[in-house]
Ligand code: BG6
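Shown next as structure tokens: one chain only, the form predicted alone.
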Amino acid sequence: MMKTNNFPKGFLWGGATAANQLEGAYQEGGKGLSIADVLPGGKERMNIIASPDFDFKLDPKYTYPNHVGIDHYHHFKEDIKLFAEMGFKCYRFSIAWSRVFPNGDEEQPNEEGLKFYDALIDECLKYDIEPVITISHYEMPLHLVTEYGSWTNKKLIGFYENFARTVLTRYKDKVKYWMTFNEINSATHFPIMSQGLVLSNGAGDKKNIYQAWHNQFVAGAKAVKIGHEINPDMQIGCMIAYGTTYSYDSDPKNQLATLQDNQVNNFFCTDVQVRGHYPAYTKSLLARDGVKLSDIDYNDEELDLLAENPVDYIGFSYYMSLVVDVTHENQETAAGNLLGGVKNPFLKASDWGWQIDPTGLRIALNELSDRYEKPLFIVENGLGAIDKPDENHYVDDDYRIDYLREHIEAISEAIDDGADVMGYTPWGCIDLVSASTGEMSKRYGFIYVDEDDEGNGTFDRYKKRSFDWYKKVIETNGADLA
């Protein structure tokens, strides 16, 4: 078995979650509705949301698993204790915007909501677990969508700034690591999650996607500025979904298509947030989507703000790689994290069809390192699978261990290649509601939660086999992966 010994001292081993997928308590403590609260559960979730009839209203014919999550709101002390037992050095989570500002446009925050995060952060620090907080993770207040049209409206920059300033100020001495928006680039194909846009409020017009991105870039730069002014030691990163992308073959047409695919999916949002300016290919990128630069509302003051406040590090999710082919018809396709591609015959896939490619993670780390020369933080990676517990609720998840082992080996190899990798937080370190399907049956965690897709169960927590394995990985700083 390969033994790695090159992970730097202080490497941030941990796990990752999102408020809307585990907290539950969707109307407790003064919390308002978020966009996640109106997304129905089940395998048809994405098709329902993509329908022109979707209107952000609750419908009794659907289930809404986010309303319950795994009831982390009432179990967080138990959950953090389990994370501490695994030896977490950090824990990546998000602050639900609508728990702090129920409608999103209030001037003053909901103190009861903040007190929940006071307690959560203090519980982490009690065990010397470094909080890593995503400010906005697919859970913007619903009111900002229905009343303001979401991120196409520049007023949201001010609302986000108020939210960011509130939490950055409150936790300035307790939280060092922050990220502005989760998977901001996912709006390329599915803008509901990060931008609050669907067909009924403008998602069909690409101009709106780019305008929303620009407004988010400006809002993110304001958060970086605020954080650095409050505490110069704060590290504030961006966060993207990264899918290493291969050309199907050496046909120059496919090579060009792959380059252009990388521009929009992997690099555009990062180029702006890391380099502080729009890349040279911006005009051609917009043109491919039928958008002109003159269609976008921006000004010199905003561009100066971007230039003066680049992010400190790059956080990213990595689950699978993609294949681009524009020269053949009727190619077999593969699913993925909000986007897919042509099936790669050299790779196996998960239960949900996501192609498993550890080498792609090594490539991703090299590509990002070479392009940006910034610290990299893998803040999501993991295997969604159907876990079958025995009569004692024990899950023998060697398949998950194998997946994680191979990806950690790839990280080690990328560090040898010269990549500056600061941490690794596997996704869904405790079972939670899937963002793509709203299911509990798609499980990622080291900890099994007794709950089904309808929200029924005891909500008791049980350690899987991967729990003790990951504990050993952390204890040895990645040296022992057996």
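Only a predicted model underlies this, so the values are computations on that prediction, with no experimental measurement involved. We number the residues from 1 along the sequence you see.
Keep in mind the form predicted in complex with 6-O-phosphono-beta-D-glucopyranose (BG6) is missing from the figure; the text below concerns it.
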Check your understanding: Can all three of 182, 427 and 436 be found with a heavy atom no more than 4.5 Å from 6-O-phosphono-beta-D-glucopyranose (BG6) in the model of the complex?
Key -> yes
Exercise for review: Verify the contact flag for residue 380: yes if a non-hydrogen atom of it lies within 4.5 Å of a non-hydrogen atom of 6-O-phosphono-beta-D-glucopyranose (BG6) in the model of the complex, no if not.
Suggested key: yes
**Study point:** Partner contact for residue 76 in the model of the complex: 6-O-phosphono-beta-D-glucopyranose (BG6), 4.5 angstroms, heavy atom
**Key:** no
Review point. According to a 4.5 angstroms non-hydrogen atom cut-off, is residue 442 in contact with 6-O-phosphono-beta-D-glucopyranose (BG6) in the model of the complex?
Key: yes
**Study point:** in the model of the complex, residue 354 touching 6-O-phosphono-beta-D-glucopyranose (BG6) (heavy atom, 4.5 Å)
**Key:** yes
Review point. Pick from 77 to 85, 220 to 228, 306 to 314, 133 to 141: which stretch has a heavy atom within 4.5 Å of 6-O-phosphono-beta-D-glucopyranose (BG6) in the model of the complex?
Key: 133 to 141
Review point. Within 4.5 Å of 6-O-phosphono-beta-D-glucopyranose (BG6) in the model of the complex, heavy atoms considered, which of 213, 319, 178, 116?
Key: 319
